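One chain follows as structure tokens, the form predicted on its own.
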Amino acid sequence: MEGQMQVQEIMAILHKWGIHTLGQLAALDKEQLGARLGPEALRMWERANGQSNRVLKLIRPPESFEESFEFEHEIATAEPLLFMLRRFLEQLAVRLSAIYLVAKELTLRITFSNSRQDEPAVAEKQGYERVFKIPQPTNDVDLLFRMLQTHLENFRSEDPIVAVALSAEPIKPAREQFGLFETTLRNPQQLSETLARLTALLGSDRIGTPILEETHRPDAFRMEAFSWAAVESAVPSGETPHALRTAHATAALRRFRPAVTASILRDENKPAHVCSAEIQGKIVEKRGPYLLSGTWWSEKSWARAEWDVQLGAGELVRCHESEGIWKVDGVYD
């Protein structure tokens, strides 16, 4: 802003001097002009005399790695679709390799016949889009094609296909140097393909990595997409993870899955004898009850009372009571 104001002031002074054209400015003495109006006036004089050089900055337009095709006739089988996708991958691989890049992500878009309607909302609903995360970025056409083919083997649509598009997200090839005892997956693509087949066969909610939920409810977990990257534990240093907190910090609980229904004889409202299909005996020592509950605000609310008991034969057992039903959870090693 200061430079702009300075130029305007110089222009105003030049106009007062009677300088109105570039020729008149170029005819002035350079040294006297600089002494009176400063370095900015000198730069103006150099530009007027063609003595200034300005470096041009080359701006490369962003490249789009996308291929698309609109079929002349509606297709209802996978063969023409796979044929076009194979051609797309070959063309994208050549373009990426030419500038030393690889594909880290593929986006598949399929357009159905009745998506060509005037209503944008309807058209959006009739399109299909799927993003494929490539475990190890590559330009290998065979590997990338197998990934698409595995997904389309279980793909079903009620409407014929009229157009298909495939785009690639480029990235520089990754280079990693591992330590002496560090390693990586031998074949990340094969693992990804196997997971994709299992997901198609069993469902996405059954394939992945089990993650413990932040609740005291036993065995509460959710499934998340499998990731090979190691994730550091969020447990503060010096603390024991919740899943390992038991009444016996040095013992491991060998669980029965599912928990075994048991009959409990009581003495003064406390467990005195346990009888089940897996274990039975007189209770000689007990600790509890440990009252646990959660999710009270929904229909999935739960509450239970846990006991750690020792039997006459020396077994250390975890059992619990919920809604009047006793079950044996497992035996401590």
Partner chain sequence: MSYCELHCCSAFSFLRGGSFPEQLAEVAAELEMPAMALLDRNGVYGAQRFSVAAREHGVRPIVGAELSMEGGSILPVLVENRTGYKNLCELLTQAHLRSEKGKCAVHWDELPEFAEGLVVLFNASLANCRASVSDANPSRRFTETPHKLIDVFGRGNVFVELQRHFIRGEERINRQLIDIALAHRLPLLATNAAQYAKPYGREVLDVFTCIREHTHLDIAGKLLTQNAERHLKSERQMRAIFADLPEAIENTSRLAERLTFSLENLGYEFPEYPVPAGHTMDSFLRTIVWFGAQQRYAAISRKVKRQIEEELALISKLGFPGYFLIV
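Remember, it's a predicted structure, so these values are computed and weren't measured experimentally. Residue numbers count along the first chain shown, from 1.
What follows is about the form predicted together with the partner chain, which we do not show.
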**OP:** Find out whether any non-hydrogen atom of Glu67 is located within 4.5 angstroms of the partner chain in the predicted bound form, and reply yes or no.
**Re:** no
Under a 4.5 Å heavy atom criterion, is Gln51 part of the interface with the partner chain in the predicted bound form?
no
Is there a heavy atom of Gln280 no more than 4.5 Å from a heavy atom of the partner chain in the predicted bound form? no
How about Ser157 - does it come within 4.5 Å of the partner chain in the predicted bound form, if we only consider non-hydrogen atoms? no
With the partner omitted here, the residue among Arg146, His216, Arg95, Arg130 that in the predicted bound form has a heavy atom within 4.5 Å of the partner chain is His216
With a 4.5 Å heavy atom cut-off to the partner chain in the predicted bound form, the contacting stretch among 261-269, 22-30, 294-302, 36-44 is 294-302
Looking in the predicted bound form, the residues of 299-325 with a heavy atom no more than 4.5 Å from the partner chain, listed in order, are Glu306, Asp308, Arg318
